[in-house]
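Before any questions on binding or motion, here is one chain by itself as structure tokens, the form predicted on its own.
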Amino acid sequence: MEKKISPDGIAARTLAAVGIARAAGELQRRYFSDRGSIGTTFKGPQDYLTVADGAVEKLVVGHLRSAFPTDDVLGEETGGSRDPRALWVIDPIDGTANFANGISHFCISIAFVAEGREEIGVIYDPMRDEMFLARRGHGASCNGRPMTVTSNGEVARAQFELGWSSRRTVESYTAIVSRTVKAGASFRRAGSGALGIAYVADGRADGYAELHINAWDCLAGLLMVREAGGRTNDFLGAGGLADGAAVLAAGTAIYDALSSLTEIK
């Protein structure tokens, strides 16, 4: 059966997502303040998993299923549908390595996709109490303040975040870093793709690029960048919902330069 969401339905989901993100952030804070409760394990090399990841995802999924029982849900830890007609995409703790090691740079990321398009993006940083929010066609904000991408078009003045993925070779990543530095730009890797892309939307970074990223790490932020006047690659068109894909998000003036440096189209 075809799923159609009305504008009022999108508005209701936007309000709900903000409230759910705050509740999830409060749970993240409680775990973070009690390091002994985190219960860290590993899914693979440098691929952290904590008890908190599962607890936060359970809270978010429970609220969403209660409020919108006909919507599908895809969570990083528990999986789920990948039907893009009416789908919530969740990362319960983006920046788990930071979280597990006592570094206060992590967030909850919630995106809603309807009819194959990102409609809602919510990213909440509980340690800084920053709520990043976007709704398609309605702009993007941080704690109610409108966000705008950087207008910088000079690579020699640019600050990029270059995410690293174990799904691609070390050599491919270091090649991007080398080209970026040689071009005169600065780069960083802070360990949270969702926050990194949100920072592009808010003009705190000129661009974000990663050779492979999963949908739950980036969909909310990609909508924010576009709603803040920036550009992104076609992540969903590249099969990102099913398998992950390369991601590129930047201010319009510098997008092509970062695309050339990273070879991400």
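Predicted model, so just to flag it, every value in this text is computed and none were measured. Don't overthink the numbering: it's just position in the shown sequence, from 1.
There is also a form predicted together with L-MYO-inositol-1-phosphate (LIP); it is not shown, and the following applies to it.
Contact between Ile93 and L-MYO-inositol-1-phosphate (LIP) in the model of the complex is found at the 4.5 Å heavy atom cutoff. For the chain shown alone, Glu76 is a contact residue for L-MYO-inositol-1-phosphate (LIP) in the model of the complex, at least one non-hydrogen atom being within 4.5 angstroms. For Trp164, a non-hydrogen atom is located within 4.5 Å of L-MYO-inositol-1-phosphate (LIP) in the model of the complex, even though that partner is not displayed.
Interface residue remark: Val149 is not counted as part of the site for L-MYO-inositol-1-phosphate (LIP) in the model of the complex, having no heavy atom within 4.5 Å. Although the partner is absent from the chain shown here, none of Tyr199, Asp206 and Gly251 has a heavy atom within 4.5 Å of L-MYO-inositol-1-phosphate (LIP) in the model of the complex. The stretch that touches L-MYO-inositol-1-phosphate (LIP) in the model of the complex, counting heavy atoms within 4.5 Å, is 189 to 197, out of 129 to 137, 174 to 182, 151 to 159, 189 to 197. Comment: L-MYO-inositol-1-phosphate (LIP) is not present in this chain, but in the model of the complex one of Ile213, Ala228, Val60, Ala52 has a heavy atom within 4.5 Å of it, namely Ile213.
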